[in-house]
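One chain comes next, on its own, written out as structure tokens in the form predicted alone.
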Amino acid sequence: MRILVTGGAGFVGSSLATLFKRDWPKAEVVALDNLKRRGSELILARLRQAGVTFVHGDVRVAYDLASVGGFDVMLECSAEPSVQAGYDGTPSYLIDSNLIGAVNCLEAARRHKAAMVFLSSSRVYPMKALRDIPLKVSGERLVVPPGARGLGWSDRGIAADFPLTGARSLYGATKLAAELLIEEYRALYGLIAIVNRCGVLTGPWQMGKVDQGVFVLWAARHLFGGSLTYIGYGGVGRQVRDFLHVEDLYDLIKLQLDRPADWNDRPYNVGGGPALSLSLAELTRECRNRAGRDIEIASDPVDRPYDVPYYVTDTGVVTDRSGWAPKWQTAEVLDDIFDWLRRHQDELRPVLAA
């Protein structure tokens, strides 16, 4: 077995690579990455210690993928992950990485008759439609009223049949376009491809920023110092996201790869669900308790065009099909992040502090 992980020095890619190598020690696991994101260089020692082969390469360059050679499974984790990408400048890198890169990955998988796991995003769902979901205030968070439901949404969260008409950000558009290409490759070439639309993924070795990796960023600022801001929706931190520890994602992918053809039919929504969700205000309280101190939380009530007040994943289809459910609970996820930050604070502080 030879497994190629694109974006293999990123948070999700490196986590999956090391976990697969741990559980399948006889497999050759290759991590390909261009090391563009700050902090990815810190991952290299982790990959080496796990026995993962690192290749410096870029999915935008077909030759770099070809130079890796044959493989049996591709975990397509490469992406420019920022939903803000392109809003304050050119979208070229975003489109080249997420769309042209996806085409190059599809071609490589087709040539080698390999199965693909494609990590898509909850950002494929249109922003206005998500904003139109009726919400009410409950303590420090926004909630869907119990029993309320509409097409593709309910108090259980957002399902994969949520309507797709409307703008979704350039990042979301590249992910949806890649999904459409995957559908064509399935039909034309018989490609086996599993598409998981992931919500917020988190855990150790995520180099969190405001636009991607907010749970780690919030924890790091509380521990290392620096300011944070509640942006939009009144500037009080009631917006809500669910989250999933990366090891729970790994458990699902491992299960899916046992019978990949059974998961080749549609996209699947993957996340923590209502039980693993926090508002920013609630996250602040949890981080304050673990760090043992308060930090300044500024308030900016102006809504941003790329943000939504509420996203929680309805994982019912995945759970009904497989029995999979997250094992990591809220306190355990946050404890794991804080423990990692403390153990590696000397190398992480320059990357994650303000």
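Everything numeric in this text was worked out from a predicted model, so none of it was measured. Throughout, we count residues from 1 along the sequence that is shown.
Another form, the form predicted together with a small molecule, is not on view; read the next lines as being about it.
None of 104, 212, 284, 239 but one reaches within 4.5 angstroms of the small molecule in the predicted complex through a heavy atom, and that residue is 212. When you look in the predicted complex, the only residue of 269, 279, 120, 256 with a non-hydrogen atom within 4.5 Å of the small molecule is 120. Partner contacts here mean any heavy atom within 4.5 Å of the small molecule in the predicted complex, and among 167 to 175, 125 to 133, 228 to 236, 140 to 148 they occur only in 167 to 175. In the predicted complex, at least one heavy atom of residue 59 sits within 4.5 Å of a heavy atom of the small molecule.
The small molecule in the predicted complex comes within 4.5 Å of a heavy atom belonging to residue 35. Put simply, residue 74 is far from the small molecule in the predicted complex: not one heavy atom of it is within 4.5 Å. Contact check for residue 12: a non-hydrogen atom falls within 4.5 Å of the small molecule in the predicted complex.
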